[in-house]
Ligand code: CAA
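Next up is one chain by itself, shown in structure tokens, the form predicted on its own.
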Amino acid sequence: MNFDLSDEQRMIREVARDFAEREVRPIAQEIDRDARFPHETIKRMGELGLMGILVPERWGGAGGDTLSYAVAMEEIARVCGSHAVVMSVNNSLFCDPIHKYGTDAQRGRFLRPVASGHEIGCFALTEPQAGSDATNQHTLAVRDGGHYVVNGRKVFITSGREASAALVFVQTDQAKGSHGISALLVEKSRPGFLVPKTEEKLGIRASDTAEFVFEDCRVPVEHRLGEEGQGFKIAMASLDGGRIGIAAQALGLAVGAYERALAYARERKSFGVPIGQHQMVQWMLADMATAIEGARLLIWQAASLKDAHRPFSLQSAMAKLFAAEMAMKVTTDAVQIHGGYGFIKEYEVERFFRDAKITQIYEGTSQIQKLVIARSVLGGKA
């Protein structure tokens, strides 16, 4: 594997880093405190090509590769987890499946405005009783001539309040189980598409997490993504790629917390010397730095395999598992190094600590990643 980034990849990383430092860092604490969606900076991310990195320029994207996406995601998350998750869902869970499975008409209507950042997309799979068990879909879509009539409820939808359209997974044939799940592209403006609530959250507070309710919502058949019954396959393939993005988000959060802990260890004095001269703090910093590098290598490996059109499901699961667990440990230790100040909102490490937790949960919990990995290695597919 070549560990050198190309000129284009380095350029994308620098664009993301410069944007994060100049435009996101000054507002990151405020928007977290107020749980305020950052409309202006998200729009700016679109203008810079960060909301559709993987999408060809023909369809409004930047035409980049998965590794470019991963390094850009790390830079954004290094400053703000909320901006990073909006970027992640837009790229991995909305734009990518439409680009792969959509018709040109669907790409023109749904992909181009979202990939270019003029609008935001979201991904509606989870239901109250269908989290890790994603096959247990109760949202029904009944064919009625040229439309599907959709009824049901979706929860924990990232960007659900702000998105203009959603990729919604529905049951079109209950008798077929997971083979009866289909994917529909649904504009939020359609009658019967309701957003009754958004959630108050521990972390990533500046991104919105919404609930959807569908009451006899009529969706044209031509807005079905892929064939009828292909929805579960589309969802799982999208999540495979999405795990790389979430792993990169976790990495960025860890890097942000580590950098702050390192600076604090150089400045804060205890017993007459900077605390970084105490061996216990040195060991914590050494462990943090090593774990961060390990996560980055796993992420880059998974991204490179995806870009080479080689199987990458196992590697993306490993990257997501390791990076999420690493982020929780690194951010916890960053708080510990800060001592009492780490528990105070004035110091950013408590925000990174709160934001890191969700990376162990969404787009497949750490426990689900372990199942994916175990089944792969036991089946001889590793």
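Small disclaimer: the values here were computed from a predicted structure and weren't measured. Note that residue numbering follows the sequence shown and begins at 1.
The form predicted in complex with the named molecule is left out here; the points below concern that form.
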Single option in 93, 114, 225, 295 placed near the named molecule in the model of the complex, where near means a heavy atom within 4.5 Å: 93
Just give me the single entry in 123, 300, 148, 212 that has a non-hydrogen atom within 4.5 angstroms of the named molecule in the model of the complex. 123
Taking 12, 15 and 74 together, does each of them reach the named molecule in the model of the complex with some heavy atom inside 4.5 Å? no
Only one of 184-192, 235-243, 252-260, 274-282 gets a heavy atom within 4.5 Å of the named molecule in the model of the complex; which is it? 235-243
Contact of residue 179 with the named molecule in the model of the complex (heavy atom, 4.5 Å): yes
Looking in the model of the complex, any heavy atom of residue 270 within 4.5 Å of the named molecule? no
Taking the named molecule as it sits in the model of the complex, is residue 85 near enough to touch it, meaning that at least one heavy atom pair lies within 4.5 angstroms? yes
Do residue 264 and the named molecule share at least one heavy atom pair within 4.5 Å in the model of the complex? no
Which residues, if any, of 360-377 lie within 4.5 Å of the named molecule in the model of the complex when only heavy atoms count? 362, 363, 364, 368, 371, 372, 375
